[in-house]
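Next up: a single chain in structure tokens, the form predicted on its own.
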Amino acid sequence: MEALPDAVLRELREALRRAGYGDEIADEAESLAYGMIDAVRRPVIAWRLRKVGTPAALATLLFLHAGRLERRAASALLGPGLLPALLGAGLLADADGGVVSRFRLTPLQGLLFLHDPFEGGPETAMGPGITTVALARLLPPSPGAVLDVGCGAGTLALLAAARGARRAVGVDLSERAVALARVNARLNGLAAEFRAGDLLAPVRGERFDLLLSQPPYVVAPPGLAPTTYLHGGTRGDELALRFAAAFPEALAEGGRAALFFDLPKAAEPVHRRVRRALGGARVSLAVLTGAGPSSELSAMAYATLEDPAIGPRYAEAVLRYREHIEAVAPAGFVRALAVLERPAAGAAGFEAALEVGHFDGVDAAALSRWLAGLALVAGPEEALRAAAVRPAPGARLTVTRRLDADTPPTRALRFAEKALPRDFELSEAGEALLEALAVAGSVAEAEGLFAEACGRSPEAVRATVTGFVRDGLGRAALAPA
């Protein structure tokens, strides 16, 4: 693949652009029988894409869902000159009078990512997946110097480069992954560096504004040969915690790192487990947690990687995974986004945790608002009282009265289903305080407005106001203006 000339890669990119191959058609295909393992649903997806029959659908069949195209259809899609070049380079292969793709070519946010099939074997170079998309939402515009740790085929580093990063670097233990990442840089016409080595060894001594990582987090049953891109240790979280422990040394002042992974549910909160791994590192820590995959679906999905045909080896593998999960994660899994920040000189650090209903609403802007609020909470009271604080964007104040019962109304600050903040119940006094915060230029000014509404002195309500503000900022329901 590395031998593919730039001219061929440009021609491939242009052919797929003309075909309309992109996020929309890929998402439509992915939505079919969503949640089922690929080996079960792939024939139905292939049937649908053939029925649609557009160039975009046929490209999706060939490059995303392991479908075979007749040579005539492949030549019409790619062009008579490009087809033999891709066959000669080994990206495509002959199959029963047609052609199949030996790689996957996934579209994401206007870019194309060449990578191995997920069932490709121990040295598979990963492309975009669910966790990749979640981390991609954390990329701000012009994100400074970005490091993608465990970069696979280079997705996050290249997305950062496309957003105007001052510098985009990817590192991976796998030489194969680094080679494919470099091909993807050429395929997309982007400048990014990719280096091979263990964890941060390839960038030792360098500092970055943003580190992103989706470390391997799948549990490894005894006797199973571990797969580099997949398995995170016996419990699944060993590598993720090792990554977290290493990241502080690569953070620039004010820099941020985000790791997205699954780990076993336990009595000890996730943020405590991550903090223990960090040791004495001077970094703030904020952890978002949500529901992880079920034990049964996890066992089924991982077993198909050992036997994609779902034959006799699958039955053995799924039981081996399920029994091991029962031993190391009897309560199931939790999904976590762990965020580290190196505070600026003189700034107070913080530690916080928040449960979310969906990670879909966690983007760079929402995360930055929450972290800025946590920094206010951790700082001196004078700074908190001097700040203007508002309900988080999208908040709706609702007051509900029952007409069939003599009960007081209920009040809440409500948010969209997939927003980062969750609904925040309010008392009558909380409603009045919220209205004061919405118009005041500072928390101190809101104290005065609230005190006037209550017929009390500002000093008498100060503890109530600052307590309410700290609670709201911690829940992400309030945010610095």
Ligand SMILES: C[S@@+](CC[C@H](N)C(=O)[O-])C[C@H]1O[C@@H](n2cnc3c(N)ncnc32)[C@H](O)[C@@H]1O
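When you see a residue number, it is the position in the sequence shown, counting from 1. The model shown is predicted, which means the values in this text are computed figures rather than measured ones.
The same protein also has a form predicted together with the ligand, omitted here; what follows describes it.
J.: Quick one: is G373 in contact with the ligand in the model of the complex, heavy atoms, 4.5 Å cut-off?
T.: Judged by the heavy-atom cut-off of 4.5 Å, G373 is well away from the ligand in the model of the complex.
J.: Give a yes or no for P226: in the model of the complex, does one of its heavy atoms lie within 4.5 Å of a heavy atom belonging to the ligand?
T.: Because no heavy atom of P226 falls inside 4.5 Å of the ligand in the model of the complex, the answer is no.
J.: Give a yes/no on whether P128 approaches the ligand to within 4.5 Å in the model of the complex, heavy atoms considered.
T.: P128: contacts the ligand in the model of the complex.
J.: So in the model of the complex, is the ligand close enough to A338 to count as touching (4.5 Å, heavy atoms)?
T.: Because no heavy atom of A338 falls inside 4.5 Å of the ligand in the model of the complex, the answer is no.
J.: Scan H358, R242, R186, R207 and let me know which has any heavy atom within 4.5 Å of the ligand in the model of the complex.
T.: Contact with the ligand in the model of the complex is made by R242 alone.
J.: Pick from P264, G98, G233, P215: which has a non-hydrogen atom within 4.5 Å of the ligand in the model of the complex?
T.: Selected option: P215.
J.: Is the ligand in the model of the complex near all of T132, G152 and D172, within 4.5 Å of a heavy atom of each?
T.: Answer is yes for this spot.
J.: Residues in which of 271-279, 320-328, 192-200, 341-349 have heavy atoms within 4.5 Å of the ligand in the model of the complex?
T.: Single hit among the candidates: 192-200.
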